[in-house]
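Take a look at this single chain, the form predicted on its own, given in structure tokens.
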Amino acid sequence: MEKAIGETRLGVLQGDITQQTTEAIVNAANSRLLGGGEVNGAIHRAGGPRMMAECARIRLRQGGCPPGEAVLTSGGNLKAKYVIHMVGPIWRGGNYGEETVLRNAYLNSLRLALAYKIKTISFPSISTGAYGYPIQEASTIAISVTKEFLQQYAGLAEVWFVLFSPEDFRVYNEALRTCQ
């Protein structure tokens, strides 16, 4: 499913984010910018040593990336030219500012894309795997923040949410369908 938001196509796809051909893909990173499991590990493995070395330089320069923030590296061996490493919140019940951190993570990723004149970007579902954020809430936040951003700022041609599992794909499709 997809919608036009101004000049931008906003859509949901089922697939492997490491195979996307958008200019940038977003990594569900940890604060240390090290590979791990799930999406983060897959992106680090596919990106290879060049991307990992860039993450190491960022760690040395600024100590990593705090939750709600984002940093950019090359895509290394990926089809995407860039990877935006965004750190989402760890779910602790919803009373510890998780929604604000998740919103900021999406906003900072989108701002970084505009700053680097990136026209096409793909996001996975952030914080819903190992970090435990409930996917219904996370998908609504992801879609609404992105839609609001696109209504305010021009420059992005395509924004995709790329979900691996059929259930996550269904949830994000529903969030996009019902987003006001």
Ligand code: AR6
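Heads up: residue numbers just count along the shown sequence, starting at 1. Please read all numbers here as calculations on a predicted model, not as lab measurements.
Absent from the display: the form predicted together with the named molecule. The rest refers to it.
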- Evaluate Leu114 for contact with the named molecule in the model of the complex, applying a 4.5 angstroms cut-off between non-hydrogen atoms, and reply yes or no. no
- Message: I'd like to check something about Phe149: if you look in the model of the complex, is any of its heavy atoms closer than or equal to 4.5 Å to a heavy atom of the named molecule?
- Response: no
- Does any heavy atom of Gly15 come within 4.5 Å of a heavy atom of the named molecule in the model of the complex? yes
- Message: I'd like to know if Ser127 sits close to the named molecule in the model of the complex, meaning any non-hydrogen atom pair within 4.5 angstroms.
- Response: yes
- Note on the structure: Answer among 127-135, 114-122, 55-63, 141-149 for heavy atoms within 4.5 Å of the named molecule in the model of the complex: the stretch 127-135
- Message: Residues Glu69, Val71 and Leu110 are flagged as a possible site; in the model of the complex, is every one of them within 4.5 Å of the named molecule by some non-hydrogen atom?
- Response: no
- May I ask you to list the residues of 142-163 that have any heavy atom within 4.5 angstroms of the named molecule in the model of the complex, in sequence order? Val162
